[in-house]
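A single chain comes next, written as structure tokens; it is the form predicted alone.
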Amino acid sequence: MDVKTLCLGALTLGDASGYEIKKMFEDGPFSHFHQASFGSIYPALGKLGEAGLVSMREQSQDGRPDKKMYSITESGEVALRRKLGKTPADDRIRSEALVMFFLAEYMQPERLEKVFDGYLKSYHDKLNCMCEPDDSTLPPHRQFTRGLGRAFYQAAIDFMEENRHLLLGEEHSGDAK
């Protein structure tokens, strides 16, 4: 999905600055299923504005430059609905850690273990982040999306803990660490 569509989707949650949109992809509602960088968000917002799909207003801030706040327009909602009518592309996992695990025989055991532990910790952190807010106030489709994300991270954590010995050559005790 292109970044323009992602920005339109983020703006359905309310007016936001480019920075606030980026935060939605870092640790907000989109963080477990898509990424977007400042280098792609700001040009996308500019193009969306030129096309009349978003509007922008400047909001003054004390002691700082004005903040640009973006809103989705009616035309933007129509464009978003059209984009969402397309068949989604297959998911692809991009993971430097999985490349390292695949090529583990070329790594020092201590380095491999450090990468493994960091990767496992990041999945625990993501799962914990997704478990904090109360889902009961979310619409059912957002409860579903968050629940699927939690199931994904929990399954990955369970697999990693149960099969750590396959990667790190440790003796398998049958108990997760």
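Residues carry their position along the shown sequence, with the first being 1. Computed from a predicted model, the values in this text were never measured in an experiment.
Just so you know, the form predicted together with the DNA exists too; it's not on screen, but the next bit is about it.
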Query raised in the report: So in the predicted complex, does any heavy atom of Y42 sit within 4.5 Å of the DNA?
Result: yes
Query - the DNA contact in the predicted complex: D2, any heavy atom under 4.5 Å - result: yes
**Report entry** Distance check, F38 to the DNA in the predicted complex, heavy atom within 4.5 Å
**Finding:** yes
Report task. Please check if P65 has a heavy atom lying within 4.5 Å of any heavy atom of the DNA in the predicted complex. Result -> yes
Report summary line: Only hit among T137, N128, Q108, Q61 for heavy atom within 4.5 Å of the DNA in the predicted complex is Q61
Report task. Report yes if all three of P29, F116 and R142 come within 4.5 Å of the DNA in the predicted complex by some heavy atom, otherwise no. Result -> no
